[in-house]
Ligand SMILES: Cc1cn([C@H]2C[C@H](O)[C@@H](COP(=O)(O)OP(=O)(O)OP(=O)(O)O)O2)c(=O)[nH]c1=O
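One chain comes next, on its own, written out as structure tokens in the form predicted alone.
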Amino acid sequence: MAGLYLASQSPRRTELLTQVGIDHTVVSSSYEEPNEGYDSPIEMVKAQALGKARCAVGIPEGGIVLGADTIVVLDNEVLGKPQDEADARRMLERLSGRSHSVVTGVALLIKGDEVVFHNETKVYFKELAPFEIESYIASGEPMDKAGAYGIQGKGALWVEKIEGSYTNVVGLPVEHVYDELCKALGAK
């Protein structure tokens, strides 16, 4: 799909789009992400995605912009990217043996319209032994991921099951994005 601009520096999002054959160009966004002042985590990720899309830099006339934001939600608390190893440990200990939600807000700016939606996937974690948490933190993998884990990496070892979109847990529900793009462009 020519003319799609991804307002995200996430390598996972660009890998997902490439994997399913959606041509795109990665652009930066000048949006600063406020994490407070929202009534719900869903409202927050949708607002963040829209802000990223609206502040995309270098979009030519007629370009389609895609912005996204992914969070982990446990007990209605947002678990973002860990600030340090202690924060990653705290998150992984809380997720251990429990289910949580991964929510991605998506915004598409197409032909003057703003299409904003979200996707939610329930993830069930097995009990984690302390050595598993410490080994995972030492790998460095959890440090740039919401909820301190990546299902596409070593974190997959602890996922017992999911209910919903796998690609959403990675960072972009590509099947939902594809459907919305087709609808907006009159292809469906």
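Predicted model only: the values in this text are computed from it and were never measured. Note that residue numbering begins at 1 and tracks the sequence as displayed.
The same protein also exists as the form predicted together with this ligand; that form is not shown, yet it is the one meant from here on.
- Contact with this ligand, judged by heavy atoms within 4.5 Å in the predicted complex, is confined among 36 to 44, 56 to 64, 150 to 158, 126 to 134 to 150 to 158.
- Contact annotation for Leu17: none of its heavy atoms lies within 4.5 Å of this ligand in the predicted complex.
- Residue contact with this ligand in the predicted complex: His176 places no heavy atom within 4.5 Å of it.
- When contacts are judged by a 4.5 Å heavy atom cut-off, Arg89 does not count as touching this ligand in the predicted complex.
- Though the partner is left out of this view, Val72 does reach within 4.5 Å of this ligand in the predicted complex, counting heavy atoms only.
- In the predicted complex, Lys52 is the single residue of 39 to 57 with at least one heavy atom within 4.5 Å of this ligand.
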